[in-house]
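Single chain ahead, by itself, as structure tokens, in the form predicted alone.
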């Protein structure tokens, strides 16, 4: 390896027109910067889940570092010291005009702005905090993509989705402006292609299928370039590159499993697209992780379902619908069903966090150490439709922006103040107010 050899952070592997991003390697850093603070970028991931949470089984009883896992949070035992459980924040602008709590609050979920009630195309809400960060990343040309928006359920067009509120309010948490929702990608294969294989100009679906039929990975397309690069890397970078290729290949197989129609030879049977929410969510989580590793983007949002989701989850042993259960009317059977769904949702968060914790970056810290993960819902208790005391977890250390391992209790401080803190931590300058009621950065997070 040449002592003078240096890689640009924007280096990509090429092959037959393909472009494949690389993770951050030691050879991309100035010689005296290895392990130094700030050598690895800070990232933010948002995980949205609908219909609120059964708060009695969610909320820790002890404030501070001595907090204990509650039944719903039990799946997070392995990352307990990486969590900040935040109680007592309120999103007052999320209250609707009359009914329509889910759509109005989902529109306000990341914007903290009052949603204009309409079923038409005269939408109006505020820009969401992830898009403020995305605009900053784009303006500074920090990453290829300003942001990444993922989800499980496709959105709907204009029309009533919740008591007179238009569907875009219920189906999107990212808003690039007051009138412009940012549509989420719900096809894992399409998201993968955009990030990793989308660099093959003009590759048609038929060509993609042919490549798959021959068992070829996107890695095979760039193999010659990768081999040449490996000859110039040290041991640590070689190991990191091999781990990266393994992750990409595993994800490639994963998204094929959840995206490719499963065919049957039975006469007259139509292909069925896999919609296993657990497998699909895990694939989306892996996409976020790889996008962060490659510094393709530093902010990502994910919707586990659209607002007011009335999904049935038979694999959890439940026969009723989620939104119906959320109107529990203090029924113990509804509470039990809600707690089961909540725990499954937390298990998906656990997958993301433990995977991020397993990725070690060039500063010797994990991807989770260098990132902030925000988990919440548009609502607290689903039966009372409240927008105070929201269920919130902040995970990771954000490269020093967060001090986890605690349960913090606030006194109905504005949720917008949390977002001001997160935007400032992500490097957005001159953000001192936000939404309808944000007045300054939330204290106590570090």
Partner chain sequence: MAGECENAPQTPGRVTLHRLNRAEYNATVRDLLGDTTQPAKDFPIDDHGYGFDNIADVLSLSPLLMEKYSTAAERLVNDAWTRGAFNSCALDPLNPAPCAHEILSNFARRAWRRPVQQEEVDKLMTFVNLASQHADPPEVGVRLALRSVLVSPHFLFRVEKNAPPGSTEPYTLDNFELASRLSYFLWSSMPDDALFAAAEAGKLSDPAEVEAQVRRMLADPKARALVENFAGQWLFTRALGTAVPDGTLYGAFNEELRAAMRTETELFFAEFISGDHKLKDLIDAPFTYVNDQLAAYYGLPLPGSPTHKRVELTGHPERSGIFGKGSLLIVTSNPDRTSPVQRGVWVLEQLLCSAPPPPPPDVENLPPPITPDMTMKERMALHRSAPACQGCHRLMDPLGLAMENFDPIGRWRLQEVSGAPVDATGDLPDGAILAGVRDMQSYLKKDPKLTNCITEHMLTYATGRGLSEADHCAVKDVADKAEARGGRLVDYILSIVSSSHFTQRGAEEEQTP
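Numbering follows the first chain given and starts at 1. Between two forms, the rigid core is defined as the largest C-alpha subset superposing within 1.5 Å. Computed from a prediction, not measured in an experiment: that's the story for all the values here.
What follows is about the form predicted in complex with its partner chain, which we do not show.
Participant: Mind telling me which stretch in 239-247, 87-95, 69-77, 278-286 gets its heavy atoms within 4.5 Å of its partner chain in the predicted bound form?
Facilitator: Of the options given, it is 239-247.
Participant: Though its partner chain is not shown, can you say which of 140, 332, 81, 235 has a heavy atom within 4.5 Å of it in the predicted bound form?
Facilitator: Only one listed residue qualifies here, and that residue is 235.
Participant: Scan 167, 352, 339, 127 and let me know which has any heavy atom within 4.5 Å of its partner chain in the predicted bound form.
Facilitator: By the 4.5 Å heavy-atom cutoff, the listed residue in contact is 167.
Participant: Although the partner isn't part of this model, could you tell me whether residue 343 comes within 4.5 Å of its partner chain in the predicted bound form, counting any heavy atom of the residue?
Facilitator: No, residue 343 sits far enough from its partner chain in the predicted bound form that none of its heavy atoms falls within 4.5 Å.
Participant: Can residue 151 be called a contact residue for its partner chain in the predicted bound form at 4.5 Å between heavy atoms?
Facilitator: Answer no; every heavy atom of residue 151 is more than 4.5 Å from its partner chain in the predicted bound form.
Participant: With the cut-off set at 4.5 Å between non-hydrogen atoms, does residue 221 touch its partner chain in the predicted bound form?
Facilitator: Judged by the heavy-atom cut-off of 4.5 Å, residue 221 is in contact with its partner chain in the predicted bound form.
Participant: Using heavy atoms and a 4.5 Å limit, would one call residue 357 a contact residue for its partner chain in the predicted bound form?
Facilitator: Output for residue 357 is no: heavy atoms all beyond 4.5 Å of its partner chain.
Participant: Need the contact residues for 103-119: heavy atom within 4.5 Å of its partner chain in the predicted bound form, sequence order, or none if there are none.
Facilitator: The stretch 103-119, when checked against its partner chain in the predicted bound form, contributes 118, 119 at the 4.5 Å heavy-atom cut-off.
Participant: Cα of residue 82 displaced 2 Å or more between the shown form and the other one, core superposed?
Facilitator: No, residue 82 moves less than 2 Å.
Participant: With both forms fit on the core, is the shift of the CA atom of residue 243 between the shown form and the other one 2 Å or larger?
Facilitator: After core superposition, the C-alpha of residue 243 moves 2 Å or more between the shown form and the other one.
Participant: Classify residue 92 as shifted (yes) or not shifted (no) between the shown form and the other one, where shifted means its C-alpha moves by 2 Å or more with the rigid core superposed.
Facilitator: No, because once the rigid core is superposed, the C-alpha of residue 92 moves less than 2 Å between the shown form and the other one.
Participant: Do residue 360 and residue 234 move together or apart in the predicted bound form, judged by C-alpha distance changing 3 Å or more?
Facilitator: Here the pair is closer than in the predicted bound form; there, farther apart.
Participant: Please say whether the CA atoms of residue 360 and residue 225 come closer or move farther apart in the predicted bound form, knowing the change relative to this form is 3 Å or more.
Facilitator: So the answer is farther.
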